[in-house]
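In the form predicted alone, a lone chain appears below as structure tokens.
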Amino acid sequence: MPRYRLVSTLACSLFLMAGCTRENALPEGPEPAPPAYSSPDLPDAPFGYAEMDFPESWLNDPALALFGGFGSDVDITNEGATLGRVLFHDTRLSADNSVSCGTCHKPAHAFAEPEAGSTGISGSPLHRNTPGLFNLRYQRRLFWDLRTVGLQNQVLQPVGHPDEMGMDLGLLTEKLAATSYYPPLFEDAFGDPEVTLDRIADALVQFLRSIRSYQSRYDAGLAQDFANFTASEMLGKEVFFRGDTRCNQCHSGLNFFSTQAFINGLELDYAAAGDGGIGDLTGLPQDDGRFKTVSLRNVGLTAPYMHDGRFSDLRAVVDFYSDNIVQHPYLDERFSDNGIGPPGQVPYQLALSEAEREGLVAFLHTLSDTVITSHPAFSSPF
């Protein structure tokens, strides 16, 4: 039998009323169903998180080597990542036991949110879209505005945020220690059952860094000269990597990402539109609308798009970059006609053909990795 199984608690209410008569007795009827409290259903032997790693082509890539490992010194163990998996999917980490990390970061959507804004315990949608979670080894700075350095410094912030999970972090350790299953899981992971905030963060980091995405149709194509691609996907690949579109200048390398934050011309004045990104933190006009550049891996699974989820599908994104970039005094030069020089130039007009637009969308869908969306090691154990 697995060590942890679904359990239910039964509760009953006894009303002891002195001198109770049939006239003042409560009416008879079926007792309400008791609440069900579940424990994680875990395998006898933990999944091999410690053995999961990137392929040699990633580990030996000079560009990726510059970013891998920054911001986290945590070693992944099978037991530590198992604990992290439970923590990630457990609604007990929220103040009212209604929201988990996995509520907003849904595995089926590459750990993103299919709505423009996630809804936490406050009941109001957040104003920024929830990004996917994968290949976090290569992300040193977190959040759309890059305000946090290192995954260990990030993972507990949503837990304590009043609009997200709303948990008083000062009470979290006691709450988890009072369950039947967390002390044994902490003991397996750390050698003793003590529950601490540092250990909670450590385990969450181990689980999140285990989610590695490198098994898409694009990756299969790299090994066979893209013989597996359709004609439309091949056209889209050519459009993505050719010089005039500059798609791969912002979304580059095996991870299709950048560590830089760009102003991409969604607004003339981002702060006035409601979200200035990094500019809201620095107060500098050159940072107005500067947001994190996310990886395009799994982009076909993570709709809607942009920091505020304004575009519902990839075709809308392609059309925007082709025709509708807005002039901004600090628009990144990659979006200008010549692609070099100072920021703030007139945006380019690619005017892609219909076939090129359809092909680019088709190519972007080849970057989806359904292994991470279906692997039981990353799914909810509840």
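Quick caveat, the model's predicted, so the values are computed rather than measured. Numbering starts at 1 and runs along the sequence shown.
This next part talks about the form predicted together with a small molecule, which is not shown.
Screening 215-223, 246-254, 181-189, 278-286 for residues having heavy atoms within 4.5 Å of the small molecule in the predicted complex returns a single hit, 246-254. Although the partner is absent from this view, residue 356 stays clear of the small molecule in the predicted complex, with no non-hydrogen atom inside 4.5 angstroms. Not displayed here, the small molecule is kept clear of residue 234 by more than 4.5 Å at the level of heavy atoms in the predicted complex. Although the partner is absent from this view, residue 202 stays clear of the small molecule in the predicted complex, with no non-hydrogen atom inside 4.5 angstroms.
For residue 175, no non-hydrogen atom is located within 4.5 Å of the small molecule in the predicted complex, even though that partner is not displayed. For the three residues 133, 262 and 317, a heavy atom within 4.5 Å of the small molecule turns up in the predicted complex in every case. For the residues 211, 86, 167, 104, the 4.5 Å heavy atom test against the small molecule in the predicted complex is passed only by 104.
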